[in-house]
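First comes one chain, alone, set out as structure tokens in the form predicted on its own.
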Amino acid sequence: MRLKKGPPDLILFLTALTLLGIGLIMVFSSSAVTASVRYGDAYYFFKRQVLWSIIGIGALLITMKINYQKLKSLALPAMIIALVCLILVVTPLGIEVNSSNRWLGIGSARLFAPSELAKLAVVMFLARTMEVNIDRMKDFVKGVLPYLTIIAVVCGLIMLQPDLGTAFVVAATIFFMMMAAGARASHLIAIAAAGAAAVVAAIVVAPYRMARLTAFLNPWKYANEEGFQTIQSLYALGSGGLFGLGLGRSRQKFFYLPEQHTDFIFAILGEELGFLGAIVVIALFLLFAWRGFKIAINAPDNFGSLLAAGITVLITFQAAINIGVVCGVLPVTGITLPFISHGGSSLLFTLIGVGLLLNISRYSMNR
């Protein structure tokens, strides 16, 4: 099918660039103290984030220009590569950081996190196969069961790292894509119930996850243990007030709040830019979600529609979880904030996802 090409979605593009710009500012502000003490260079993390931003924008521009339909042939190879990398990361080739094997690299040098590749590869693969099997999605055995197998394999490998948070994001994204592809409500309800039971089981069998859940329910009772991070995050948000303490003036980044430039960067943002700054970021993610789903609805074919929907859910659901954790309404999961948190692999594959969304938007049926 030959499609008429137009300009990309400018609002989505500007929204992504704005979030990226805020992220660069906040990475420097939140990490300068830690970087100065650990590496003798206050710009250490900032320079790495700038480098990955440049690489990511380059990848975005490339993926935005190539007709997304030509990417169908890459869906299966990308999925295979992702699965191989997920297997390798739990072997001695994986690099252990904070008791988790989430990285591949050379020696102690971390190159990339396979789970970030896997998230995007899963969405591409599902969009491709669901397009072919769209008429079978109401049949549990022929339509839904194969995707439950994918959930089990991919999420099982991610859980071996272990990384429950990312596994949950992947499972939720697949679930939403099955919904978008037309799976029966009764099947989806049963899957959701089984998924909830699986999450509970994963928490119960791992003492450290159970400790996190217990601390989440009453963090002040475990203020010096598992509840410490949540409490320090709430202190940061509370200190920010309406307008914030001012950019660069966070007190929690002085070694009070762990992971202040990665998982909990939103807390520093709230402390320095206040409630208004936090609301602006949340509004930008909501704007991103609106444009992403609009692109999915107006896509010219099922592949483009499912791909756009999957990428939009993947990015915005991860943002919702991160913000929920930082605000103390969800247990600590280790999920980063897209565009904002420091992290090369996450930023690169997020920007590639944005490039794919912009690509699909160029062939919109409703301009």
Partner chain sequence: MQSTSRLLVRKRIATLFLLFTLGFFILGGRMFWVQFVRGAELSEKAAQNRTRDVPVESKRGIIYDRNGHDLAISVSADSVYAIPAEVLASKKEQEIAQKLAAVLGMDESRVYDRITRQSSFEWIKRQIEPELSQQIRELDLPGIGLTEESRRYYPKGSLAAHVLGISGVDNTGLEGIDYYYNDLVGGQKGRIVIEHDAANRPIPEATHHYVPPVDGANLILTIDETIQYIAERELDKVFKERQAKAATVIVMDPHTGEILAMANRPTFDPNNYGDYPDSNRRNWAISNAYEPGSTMKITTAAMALQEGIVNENTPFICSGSIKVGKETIGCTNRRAHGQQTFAQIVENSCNVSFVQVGLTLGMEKYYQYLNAFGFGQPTGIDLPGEAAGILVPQGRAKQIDLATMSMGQANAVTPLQLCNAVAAVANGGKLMKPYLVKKVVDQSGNVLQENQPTIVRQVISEETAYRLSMILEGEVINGTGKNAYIEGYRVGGKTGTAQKIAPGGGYLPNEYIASFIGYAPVHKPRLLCIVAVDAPQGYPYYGGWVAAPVFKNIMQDALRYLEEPLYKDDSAEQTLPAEEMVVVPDVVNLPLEEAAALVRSRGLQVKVNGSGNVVWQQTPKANTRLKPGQQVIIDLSQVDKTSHGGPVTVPDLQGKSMREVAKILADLGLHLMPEGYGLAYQQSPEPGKVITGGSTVTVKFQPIGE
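Predicted, not measured: the structure shown is a model, and the values here were computed from it. Positions refer to the first chain, counted from 1.
Although not depicted, the form predicted together with the partner chain is the subject of the following passage.
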Cys327, heavy atom within 4.5 angstroms of the partner chain in the model of the complex: yes
Indicate whether Phe266 is a 4.5 Å heavy atom neighbour of the partner chain in the model of the complex. yes
Might Gln161 be said to contact the partner chain in the model of the complex, defining contact as any heavy atom within 4.5 Å? no
Would Gly274 count as touching the partner chain in the model of the complex under a 4.5 Å heavy atom rule? yes
Okay, which stretch from 77-85, 117-125, 237-245, 203-211 lines the partner chain in the model of the complex, with non-hydrogen atoms inside 4.5 Å? 237-245
Exactly one residue in Ala320, Ala59, Val50, Ala42 has a non-hydrogen atom within 4.5 Å of the partner chain in the model of the complex; which is it? Ala320
If you check Gln229, Gln252, Asn101, Thr262 against the partner chain in the model of the complex, which one has a heavy atom within 4.5 Å? Gln252
Quick one: name the residues from 186-206 with any non-hydrogen atom within 4.5 angstroms of the partner chain in the model of the complex. Leu188
